[in-house]
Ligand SMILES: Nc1nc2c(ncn2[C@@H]2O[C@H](COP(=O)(O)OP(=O)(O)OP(=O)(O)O)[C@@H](O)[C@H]2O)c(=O)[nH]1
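For reference, the chain that follows is the form predicted alone, supplied as C-alpha cells.
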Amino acid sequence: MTKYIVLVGPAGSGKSTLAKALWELASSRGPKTIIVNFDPAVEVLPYDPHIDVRNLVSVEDFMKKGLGPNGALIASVASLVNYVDEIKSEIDKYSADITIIDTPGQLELFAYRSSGPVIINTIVGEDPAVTLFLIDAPFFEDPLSIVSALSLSSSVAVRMGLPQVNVATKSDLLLPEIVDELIPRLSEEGYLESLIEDVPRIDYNIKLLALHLAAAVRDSGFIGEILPVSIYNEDLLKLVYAKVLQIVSQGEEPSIEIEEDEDAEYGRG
C-alpha cells in the first residue's frame, strides 16, 4: 500500500519544484518514493518522473483537432480516464511507500471540472492520501487575494474529498511579519475580516462578499494551519513532510520514521 501526496495549485505556484524537494527529502529518509507527472502539456520538469502521462496522451493531438492550448489540456486530462488502470498498475509495480502526484496548473481541472478529481480518486482508491494545495507567496500580500486563494482551495477540497493541507509556497520571498504573524493568525476569529476592512477604496458589495467568504472558510475550520514552505529552508520542508505523513498514517503508528524538528522556525528561507 502506497501513501499518496497530491500537489494541486495555480500555474506558477511551485508544484513541480516542491514535488522534487519532497521526493528528495522523503528518499533521503529511507521511504521508497516515486513521482507521477500528471501534466500532459508540461515541456520541462525539474525531476525525472517515474511515471509520465505524456507517454499516454498527447496535447498536440487534441490541438490538431482544432482545440486551443487550454481546451486541449482539459480534453487530454479527461482522456486519461481510459488509462486509469494502466497508471495504477505502473504505480503498484514500484511498491513505493510514498507516491507524489504532480498535477497541471489549470486549476479548473480540480476546482470545477469532474475529470481531475474522478481520475485521481480512482487511482488512489482506498489507499491513504492527502492533497497539498499550494498558495503562491504574492497572494499573502493582499487580503482580497488571500480570500480568493482560500476560496479556490476550499473548492478543490470539496471536489477532491481528501484531507487537505494549505501551504504558502516561496515563503522566502515574503516579509518576516507576513510569515511569522499574518499567516499563523489567518484562522483566528475576525483577523482576516479586519484585514479586509482596512483595504482602501473597495466597492461595498465586494467587501461584503469578501467578508462573508472569509467567515465561511474560517467557521468551517477549513483554513486550519497554513504551512509556509520554501525549497531553500529545509526545516520548513521537514514540517510539511511531517504533517502530510501524519495525515496519511491515519492515526496509526507510521511505518516511516518522522524526525522531530522542534527548533524549526517559520522564518525566511
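Note that the structure is a prediction, hence the values are computed from the model and not measured. Start at 1 with the first residue shown and count on from there.
This protein has a second form, the form predicted in complex with this ligand, left out of what is shown; the following refers to that one.
*Asks:* When the contact criterion is heavy atoms within 4.5 Å, does residue 159 count as touching this ligand in the model of the complex?
*Replies:* No, no contact at 4.5 Å.
*Asks:* Should residue 180 be counted as a contact of this ligand in the model of the complex, where contact means heavy atoms within 4.5 Å?
*Replies:* The answer is no: residue 180 has no heavy atom within 4.5 Å of this ligand.
*Asks:* Closest heavy atom of residue 90 to this ligand in the model of the complex, within 4.5 Å or not?
*Replies:* Residue 90: no contact with this ligand in the model of the complex.
*Asks:* When the contact criterion is heavy atoms within 4.5 Å, does residue 17 count as touching this ligand in the model of the complex?
*Replies:* Flag for residue 17 set to yes.
*Asks:* Among 167-175, 125-133, 108-116, 185-193, mark the stretch whose residues have heavy atoms within 4.5 Å of this ligand in the model of the complex.
*Replies:* The contacting stretch is 167-175.
*Asks:* State the residue from 231, 244, 217, 26 whose non-hydrogen atoms include one within 4.5 Å of this ligand in the model of the complex.
*Replies:* Selected option: 231.
*Asks:* So which residues in 147-164, when you check this ligand in the model of the complex, have a heavy atom no farther than 4.5 Å from it?
*Replies:* Heavy-atom contacts to this ligand in the model of the complex: nothing from 147-164.
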